[in-house]
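In the structure tokens that follow, the same protein chain appears in two forms, which are kept apart as structure 1 and structure 2.
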Structure 1
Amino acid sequence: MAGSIYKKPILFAIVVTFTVLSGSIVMMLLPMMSDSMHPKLSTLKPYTPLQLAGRDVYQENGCFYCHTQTVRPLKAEVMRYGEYSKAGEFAYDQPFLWGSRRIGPDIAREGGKYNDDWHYKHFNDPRAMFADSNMPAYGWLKDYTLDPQGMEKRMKALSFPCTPADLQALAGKTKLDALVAYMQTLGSAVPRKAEAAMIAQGEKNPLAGNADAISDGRKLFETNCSACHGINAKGGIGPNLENNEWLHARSDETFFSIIANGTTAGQELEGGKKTKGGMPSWHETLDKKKIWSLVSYIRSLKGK
């Protein structure tokens, strides 16, 4: 018996097929049949035509070969990128775009991290913002306008709701606009992580006016902040911090918390100022001393 199957090719092929199917059924088919593989967060919304168009652009250009879209539940990773990814966040993702390489950072929590201007500037020329970035430039995407009819078909194929108004909103929009809109949806079904309070109420800058701290602060500013606030803080995507009367009138604590926690649109800050959003949070990458050094540096610019 033992040797006979090696003389019967058809029997052999049947046995191989069952052998191959065993693992496939247990690991792939049965899970597919169970609800646990199809979870959906109640806060999750299907893509709008503009966002889906952006997702298609993301696929077309193989962004996922450099960027992942899953934050793993590991301490450093949650600190770097934000809340870890939940199974229920991906119910509308056909295909999933988790990726397998991080040549660039994870962007599962990209939505709302920066404002649109930042993304346009970055896609246009990543190296103008980070000299050492190896991300390709994608400014040429603005030469391609979207095709509303084509998008309607795509929305239908995925059974996503799509009103005529949604489609009208595509008029005159380019692939670059769509990509930026997609970036802003990433991770939006999960609330942003609560910000950690790093300083006590009313705490004063212990390094105020300290010359070493000012020079450390300048260096930190050049590597982390100039891309948005401009060289010497003269303004760009973010406001001018040099002749910023509102800012320089603020307490150390408010100053610190803007840098540590960033801003989202519509917060009310000390002195009644409404935020527009787009200032990233820094408490995970910069420790207390570094943030105080930055405060000292920016304060030293006043009236220059």
Structure 2
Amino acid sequence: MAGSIYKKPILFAIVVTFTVLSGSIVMMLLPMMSDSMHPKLSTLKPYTPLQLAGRDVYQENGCFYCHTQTVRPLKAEVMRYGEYSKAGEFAYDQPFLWGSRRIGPDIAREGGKYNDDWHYKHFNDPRAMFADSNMPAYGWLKDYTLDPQGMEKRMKALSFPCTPADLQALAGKTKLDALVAYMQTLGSAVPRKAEAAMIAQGEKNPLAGNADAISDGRKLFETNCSACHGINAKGGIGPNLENNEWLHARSDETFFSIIANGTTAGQELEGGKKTKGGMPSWHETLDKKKIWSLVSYIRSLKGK
């Protein structure tokens, strides 16, 4: 009796179709509609009009062809880029921009790593920041202003909260402004793990006044630091390192800590000075000897 259904192809097709559809609804469709299948980080916020415009600029220029936005749960990637990606980070990404190739580095944790000035300079001339970069320049984006009315429609289409003040803030903003704002959102909702600091507490610079160390420090400075502090250390994105405020009111230990561990906004330095933040840490790239060589070179600028 049970085998007779195989002799009735139309009935058999209907039964199979019904069975597959029922299973698909129970196993796939219903779970997809539940909140538990759409996690969202508690710190995650919807895009502002400026940030969403930047995301559009990112897509229309094909940035995802070269950059990924997902850190895989592999030790090497976590060590290089930071905490691996979680589903709850992408609740407002429609569509997601994970990418699949890394011609350029992953940027899932780019937000807050550098300050806005750094990004403007980098987009204008990538080779000014990284001599071997093959990234095209995007400084021309500053010639294109945003359309507030168009962005209002985009915000409504995606059900993002948007106030008149948000739209007014777009006045005079360019596509380059938007792209920088978007870059600063990447990974910003993920709590950052405190980095293991490199400390030189109570340690004197063993290379102070050493001519070879100063020469090595100058080369290291030109390669790693000149993009932000200027080729002659006279300042740019970062402060002028020749002035009295830096050379006379800071100990070698403070210089070492700044170079090794970077700075964060509002961080108080020796003498009560607070930093603007935005300087990355270098202790994973440079060893102690190289950092002390940099300190020696900076000290050698005194009086010049």
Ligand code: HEC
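We call the rigid core the largest set of C-alpha positions that still match within 1.5 Å between the two forms. Note that the structure is predicted; figures quoted are calculated from it, not measured. Structure 1's sequence is the ruler for residue numbers, which start at 1.
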query: Structure number, where the criterion is the form predicted on its own; finding: 2
query: Residue 72 C-alpha relocation of at least 2 Å between structure 1 and structure 2, rigid core basis; finding: yes
query: Rigid-core frame, C-alpha of residue 130, shift of 2 angstroms or more between structure 1 and structure 2; finding: yes
query: C-alpha of residue 231 moved at least 2 Å between structure 1 and structure 2 on rigid core; finding: no
query: Value in Å for the CA shift of residue 211 between structure 1 and structure 2, taken after the core is superposed; finding: 2.5
